[in-house]
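Consider the single chain below, provided in structure tokens and representing the form predicted alone.
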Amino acid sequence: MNNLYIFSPEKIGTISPNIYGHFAEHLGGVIYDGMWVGESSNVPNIKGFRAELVEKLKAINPPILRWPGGCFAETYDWRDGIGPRDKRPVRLNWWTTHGDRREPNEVGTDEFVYFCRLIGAEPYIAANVTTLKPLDIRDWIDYCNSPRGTTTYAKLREQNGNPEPFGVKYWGVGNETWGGGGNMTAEVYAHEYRRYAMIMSNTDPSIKLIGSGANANDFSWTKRFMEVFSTSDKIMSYFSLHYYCWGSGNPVAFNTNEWYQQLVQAAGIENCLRRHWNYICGFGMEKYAKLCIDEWGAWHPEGSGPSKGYNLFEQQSTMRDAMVAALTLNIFNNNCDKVAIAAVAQLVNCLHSLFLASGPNLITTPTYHVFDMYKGHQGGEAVKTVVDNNEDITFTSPVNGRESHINKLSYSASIKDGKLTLTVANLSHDTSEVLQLVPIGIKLAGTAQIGILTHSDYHAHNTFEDPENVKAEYKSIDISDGVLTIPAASIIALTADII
């Protein structure tokens, strides 16, 4: 039995609720038949949005939702998505050549903001800096945020049914500008950012701008961007980073080595974000460039979801994907002094989704339950946690055939409103872990609430036919002796009163 020390005097920082954010791109089945079924649909809906999805999403306290892309943003003209729906144009979607679908523009700015209000999330709009001019983005901000009746665009918003300003606070200045977002160099984008940011911030000085950062371990992007940007007016609040752990084996029929390889890839996000942060600090930009990891998750070969490949990038989500989510969120909690925003990609019918939907069917994935279990961390004060012997698991990498290693346990803890929230993921596929809780500086009540996500088969997932095959179970437990058992391939969330 190993000790898990909880050092309550050692505060890391406040866990921003926005770390628990989400992403909805106009890609495959994310928006259409995922979130949106239309007001005339037989599927129960709230002004066109799936009512069941709205209610289940509200239950996990989603803090922020990113839209409309992703790469889709780079050819999106926001004016196509306002006004009467029957008069909106049908356009080529960025993903047309991949998914053979057109963009009907039924969900535009007004609908997106309405959905955010339904679920209680702040809207985060990724602005197109590849094919729109700074003036076009100025007008979009004007449409969203200008007070009632003050400008032509404010009056147009009122004409479209929304007299009061939306107050959209978070704006991305481009997306993946190293790739689909203009195929720029870091230096070129830094100059473009300076130009757009000046116009955007002048339109509404209260907004928070997010720079388009690196693809995973491309540390030179951050260095080169900062070399140009740090000499300008510091008009930026966050700097983005995208990190995917690419599929290792079949999404639902992987072997043990592939289980661990996926988790090793997920764990690599910690070194990635810390090295980018070091560059940011090296240029003295830490006040202006908190990390915004607004695309992250597991990316498997498509076709394993219920649409059988019709929805572009749709994949099934197993206990392995839930473990990736738990591991990643623990890393974000433990680096909350660096990470301010994050968004798992994506919400429904796509990559690391929380939901799968089609027609009348909607199911939650194991990943959904991780977000539900971890929501107690939102707004909490992260405290240092240490296991005195976090055993190494040894496996053979399916990538290069070499011996590889990963720590058995992932964990984080926070304190809020007189309660401790402790989350632990046991990455071992076949060995349970018994921990002795050792709180330093606090005393815990003898009874605690625990949620546990586990299954006898680590390939387990939910389907339309068996929608609750994998789900979290909650109960009260006695922790007066401080002993906590975590079964193999399981995730737990413990909440205890501090006395």
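Note that residue numbering follows the sequence shown and begins at 1. Fair warning: this is a prediction, and the values are worked out from it, not measured in the lab.
The protein also exists as the form predicted together with a small molecule; that form is not presented, and the subsequent description refers to it.
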Exercise. May I ask whether Trp259, Thr328 and Ile492 all come within 4.5 angstroms of the small molecule in the model of the complex, judged by heavy atoms?
Key: no
Quiz item: What is the one choice in Trp140, Phe371, Phe115, Phe313 with a heavy atom within 4.5 Å of the small molecule in the model of the complex?
Solution: Phe313
Exercise. Check each of Glu111, Glu176, Glu302, Glu103 and return the one that places a heavy atom within 4.5 angstroms of the small molecule in the model of the complex.
Key: Glu176
Quiz prompt | Listed range touching the small molecule, judged in the model of the complex by heavy atoms within 4.5 Å, from 457-465, 22-30, 443-451, 57-65 | solution = 22-30
Exercise. Determine whether any heavy atom of Asp321 comes within 4.5 Å of a heavy atom of the small molecule in the model of the complex, and answer yes or no.
Key: no
Quiz item: Hey, in the model of the complex, is Gly34 touching the small molecule, heavy atoms inside 4.5 Å?
Solution: no
Quiz prompt | Touches the small molecule in the model of the complex: Trp95 (any heavy atom, 4.5 Å) | solution = yes
Exercise. Mark Tyr244 yes when one of its heavy atoms lies within 4.5 Å of a heavy atom of the small molecule in the model of the complex, and no otherwise.
Key: yes
